[in-house]
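The chain below stands alone, shown as structure tokens; this is the form predicted on its own.
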């Protein structure tokens, strides 16, 4: 976001990518560097560190292949500039010589930013290595990818590890979901429209619905997904963080900590979710996926009810669901408002009209819809539901991709969109009862909206149907 108040002196002057030969760098980080170079003309060295027995030419060839494959609007000059800036240090992360050679390349850099695109099991070695060369004393910080632990205990251990070496203000916990253009609009919608913000209150809101459904399974990710499941993969991080954005009170300033303070208040007020407030599911055929344990009880679907106990949101249930191999692909936040005390103008069938709704569709087809009631044309005085819709125009096609935005923010020292320690731990505290007692996993057929048992925790009146284009 690069807030206006940030000083140019906060900017990093080197990027060190640990795990530069891995899939994350290929699919996300090289394309992000391309976009940053194209849009901002970044002037810093990019030093890759990995165990792979590659030459610098090998790395540069992979970077070019990545950008040609993953960037939709390729700028040849930007790509060549990124490639020319690459340097490579090959070696084990637990070997002092690896960091000695890295330090030689950093001699002219005063604020290097280290990006750990590696498994958390290797963090200890890398952070200790960075400490030996004094990288943590130069003010550039460290970027770590989710998952931030597997449960509350491991999250605390990871937090202790990071903060033994880097201060909290230099730790960037990156969740690419929070850098999406449409997710950011959820935040700005409230802050920039006080007339609508006043409606987002327990006095007016009946409940919230947050959905992240996908109509495909986990093919190609079996080994990873079977150790994680839907709860750890998207609910504890993506969806609870998005929930915090929609529920947070306006910050007192544009300082990065102000918004993070408000999000933290929401997550710390999130009541621990109990096992009877959740239903897990697993799609039929999951056990046939490569690298999945034939006896696995890992969930591919989860539906739960959360409650945030603040003056603004107490007694407003927040229904959250996420799943693979479902009947649709949709990521959406929906605010369902309370019905009027009397429905005076019903149709001849006397059915209750639908409630007012405010829906943020993040994908597919990004849009915002306000569902209201208007008079139905004709002689009878009766209402019909109408959608007031805003769909993103062609500017969205040229917007900054999430990884480019977040990487640029980290390089600029802007912490606004990164998770803070207290927020991460609060989210783990809320879901820990579900990890301790997950309950049974119920089967559902691919193409269904989850298992039938999930109706027990569904919103009153059921989940809203997909929006029609």
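None of these values were measured; they are calculated from a predicted model. Positions refer to the first chain, counted from 1.
If you look for the form predicted in complex with a small molecule, you will not find it shown, but the lines that follow are about it.
- Contact annotation for residue 452: none of its heavy atoms lies within 4.5 Å of the small molecule in the predicted complex.
- Although the partner is absent here, residue 12 is not a contact residue: none of its heavy atoms lies within 4.5 angstroms of the small molecule in the predicted complex.
- In the predicted complex, the small molecule stays beyond 4.5 Å of every heavy atom belonging to residue 418.
- In the predicted complex, none of the heavy atoms of residue 232 sits within 4.5 Å of a heavy atom of the small molecule.
- For the candidate spot formed by 20, 51 and 147, every residue has a non-hydrogen atom within 4.5 angstroms of the small molecule in the predicted complex.
- Put simply, of 102, 118, 162, 79 only one has a heavy atom within 4.5 Å of the small molecule in the predicted complex, and it is 118.
- The contact residue chosen from 191, 388, 122, 199 relative to the small molecule in the predicted complex is 122, the criterion being a non-hydrogen atom within 4.5 angstroms.
- The stretch in contact with the small molecule in the predicted complex, judged by heavy atoms within 4.5 Å, is 110 to 118, chosen from 287 to 295, 375 to 383, 110 to 118, 241 to 249.
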